[in-house]
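Before any questions on binding or motion, here is one chain by itself as structure tokens, the form predicted on its own.
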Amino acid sequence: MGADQGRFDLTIRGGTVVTADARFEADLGIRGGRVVQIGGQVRGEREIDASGKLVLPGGIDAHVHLTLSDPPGDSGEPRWCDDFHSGTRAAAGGGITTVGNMTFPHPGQTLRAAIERDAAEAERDAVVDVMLHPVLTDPATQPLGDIPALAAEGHTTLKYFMSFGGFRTDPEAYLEATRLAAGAGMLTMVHCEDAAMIAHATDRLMAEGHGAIANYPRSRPIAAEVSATARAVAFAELTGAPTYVVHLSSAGALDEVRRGRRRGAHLAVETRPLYLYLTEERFAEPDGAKYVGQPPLRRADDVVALWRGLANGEVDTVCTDHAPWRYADKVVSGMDVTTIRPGVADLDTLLPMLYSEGVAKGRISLHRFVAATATNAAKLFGLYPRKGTIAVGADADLAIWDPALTKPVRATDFQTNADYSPYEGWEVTGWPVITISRGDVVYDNGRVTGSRGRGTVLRRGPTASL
């Protein structure tokens, strides 16, 4: 496993190392931010006793929102409450060492200008490492010629929404963007909900006087997700583009991916914590708006299908779509299905909740947990084997995990600026106690120790097959 007899910057002793395909007892030697020795004799300037703990690859949450889609202060409306500093502190506290931020161009900005803007903010503020996903929102003002140039600079993803009006009026431009992304070795990320079907369903609900939050799932029906997923699959088949379906929420949409894979399309699936733990009945609660995301929570049979897909590998990653709000801005009297604010905070709880509800309860194996939270994302997003695994030469991105630690979810304990959790009070077993990013301890037993600006914006390679 590699041997280096010199002294290390950091050693981790006595832990059980777990990767997506192996589990073994070994000490780790870290130097220069990388793992340089696994096993054998290790001596370090600093030593961590991991006895009784698991040593896992640091999590990769490839889908977060830490910057705004338009300039702050222009409308006076409340906004998401995390930025690169608070959001990456939340990541570190949750055992996550890399986040992928959705970078929206402000009105009139190009994709390149948006990436430059977010890169500067991330380098200034981030505690852990960041990858940036340019989001195509308006092909009329965002030249598609930027796509291969961004790929050449290491930003090897492209995101767009089928739920936005621009896709509804000019889908051909998005198809061309998908083709260009494929040619540049990029992964195309697609939000799969049909804009026309959403508009039709919402208009009918409002006309019939059924705009209450309890009816939110009817405003963005499963049929809209299934239809859009089928179209994304067709785009992938036509262009040959590796395609990543973000936050898939329903059994029907997973069926469409399954059919496309059988026909040879290169498709990957992400789901989101909300869809694994909660169902649509939550919207009938007095403060049901706190659960609102896009797509909505689904039915119990959809939850079962997603767990099954996660266990058998049909669902590749679990990422948060972290879009945090203060409770007072999220749960507002008088809101309806047209005015509710989507998004919840999940960075602090992504890994602990999935370990507790998945591994500890026997729904998924520990190896699937590692694959879905680290290794698969590293491969899909052009970071493997530098990240997503524990190997000689890899970045020392690690989570020291206490599988027996049980405590309740309390928003007041977390690093996010959001002041509520949809899982408040849930008893969770299995938490990170130390998080290490490129050899630096950035979280240690309840305290973030990583400095502002130590995170880097990652240059990535092309996507790889799983």
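Quick caveat: nothing in here was measured; it's all calculated off a predicted structure. We number the residues from 1 along the sequence you see.
The form predicted in complex with a further copy of the same chain is left out here; the points below concern that form.
Go through Cys81, Leu278, Met197, Ile340 and name the one with a heavy atom inside 4.5 Å of a further copy of the same chain in the model of the complex. Flagged contact: Met197.
Among His210, Lys361, Arg124, Arg168, which has at least one heavy atom within 4.5 Å of a further copy of the same chain in the model of the complex? Contact residue from the list: Arg168.
Check whether Pro221 has any heavy atom within 4.5 Å of a heavy atom of a further copy of the same chain in the model of the complex, and answer yes or no. Because a heavy atom of Pro221 falls inside 4.5 Å of a further copy of the same chain in the model of the complex, the answer is yes.
Do Arg308 and a further copy of the same chain come within 4.5 Å of each other in the model of the complex, heavy atoms counted? Contact check for Arg308: yes, within 4.5 Å of a further copy of the same chain in the model of the complex.
Considering non-hydrogen atoms and a 4.5 Å limit, does a further copy of the same chain approach Pro143 in the model of the complex? Pro143 lies outside the contact set for a further copy of the same chain.
Although the partner isn't part of this model, could you tell me whether Thr456 comes within 4.5 Å of a further copy of the same chain in the model of the complex, counting any heavy atom of the residue? No - in the model of the complex, heavy atoms of Thr456 and a further copy of the same chain never come within 4.5 Å of each other.
Check Asp118, Arg326 and Thr406: does every one of them have a heavy atom within 4.5 Å of a further copy of the same chain in the model of the complex? Looking in the model of the complex, the three residues Asp118, Arg326 and Thr406 all stay beyond 4.5 Å of a further copy of the same chain (heavy atoms).
Of the listed stretches (94 to 102, 144 to 152, 261 to 269, 286 to 294), which one has a non-hydrogen atom within 4.5 Å of a further copy of the same chain in the model of the complex? Stretch 261 to 269 is the one.
Going through 369 to 402 from first to last, which residues have a non-hydrogen atom within 4.5 Å of a further copy of the same chain in the model of the complex? Heavy-atom contacts to a further copy of the same chain in the model of the complex: Thr375, Lys379, Tyr384, Pro385, Thr389, Ala391, Val392.
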